[in-house]
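Take a look at this single chain, the form predicted alone, given in structure tokens.
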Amino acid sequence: MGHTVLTVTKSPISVANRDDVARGRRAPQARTRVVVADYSSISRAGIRSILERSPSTAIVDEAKTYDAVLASVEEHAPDVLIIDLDLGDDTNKGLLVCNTVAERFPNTKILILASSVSELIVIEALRRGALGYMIKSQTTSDELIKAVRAVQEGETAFGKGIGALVSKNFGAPHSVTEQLTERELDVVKLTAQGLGNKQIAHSLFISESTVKFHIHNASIKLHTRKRAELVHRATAAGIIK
């Protein structure tokens, strides 16, 4: 009887915290195994609390740096990676992580859970392999659970307003391409190469004001306002390879 009391009062030992068990085997019985990557410990705890309400879901690891995300996915082979692309450093690194996970670990599906929405980041994240994009402040517990299940099955999951944004960017790209004139295409392609208006003008033997005119028209047709957005939209539409 005394032995039983001692066992109960000790810290519980499970597959999740045993050093002699491969960490990749954490919660092998779970139907949905998740790695959560977020710079905020509060956010990570909140996501864990929501998802582990279901006995079939387990958070097998947490990460708060880009390097830790890749190491965790490699070690645990989760079904789903929930990640905030901005881990307190550089969102571009977050996009690179998505790209790496999608290429090296295709069985791990990616769900972005961000603090804010940026059209460029949303589209780029999807191009890099993410299947879902949700906003923390606008996502309910039930919506998060459904989103995780959806991306695990290879389906897309978008937060409020994001679906329409995606449709606008990926819908009928060829018709958008056909709207641009040959000269507008030339200007956009050179813009994508990082050339300034003066350099583009020199390369195409036209005036700088004409370059601005073509950029303005191309921006209207591709529904962009900034130069970077123009390049990104053109790339998404297949205009630039």
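Remember, predicted model here, so these are calculated numbers, not experimental data. Heads up, when I say rigid core I mean the largest set of C-alphas that superpose within 1.5 Å between the two forms. For every residue, the number given is its place in the sequence shown, counted from 1.
Beyond what is shown, the protein has a form predicted together with the DNA; the following relates to that form.
- Using a 4.5 Å cutoff between non-hydrogen atoms, Ala63 does not count as a contact of the DNA in the predicted bound form.
- Although the partner is absent here, Asn197 sits close enough that one of its heavy atoms falls within 4.5 Å of the DNA in the predicted bound form.
- Using a 4.5 Å cutoff between non-hydrogen atoms, Arg53 does not count as a contact of the DNA in the predicted bound form.
- By the criterion of a heavy atom within 4.5 Å, His223 is excluded from the residues contacting the DNA in the predicted bound form.
- A single residue from the set Ser41, Gln193, Ser49, Ser207 has any heavy atom within 4.5 angstroms of the DNA in the predicted bound form; that residue is Ser207.
- Listed residues Lys212, His202, Lys189, Arg31 were compared with the DNA in the predicted bound form; Lys212 is the one with a heavy atom within 4.5 Å.
- When contacts are defined as a non-hydrogen atom within 4.5 Å, all of Thr181, His216 and Arg227 contact the DNA in the predicted bound form.
- Comparing the forms between this form and the one not shown on their rigid core, the Cα displacement of Tyr39 stays under 2 Å.
- Relative to this form, in the predicted bound form the C-alpha atoms of Arg127 and Leu230 separate from one another by 3 angstroms or more.
- Between Leu120 and Leu195, the Cα distance is greater in the predicted bound form than in this structure, by no less than 3 angstroms.
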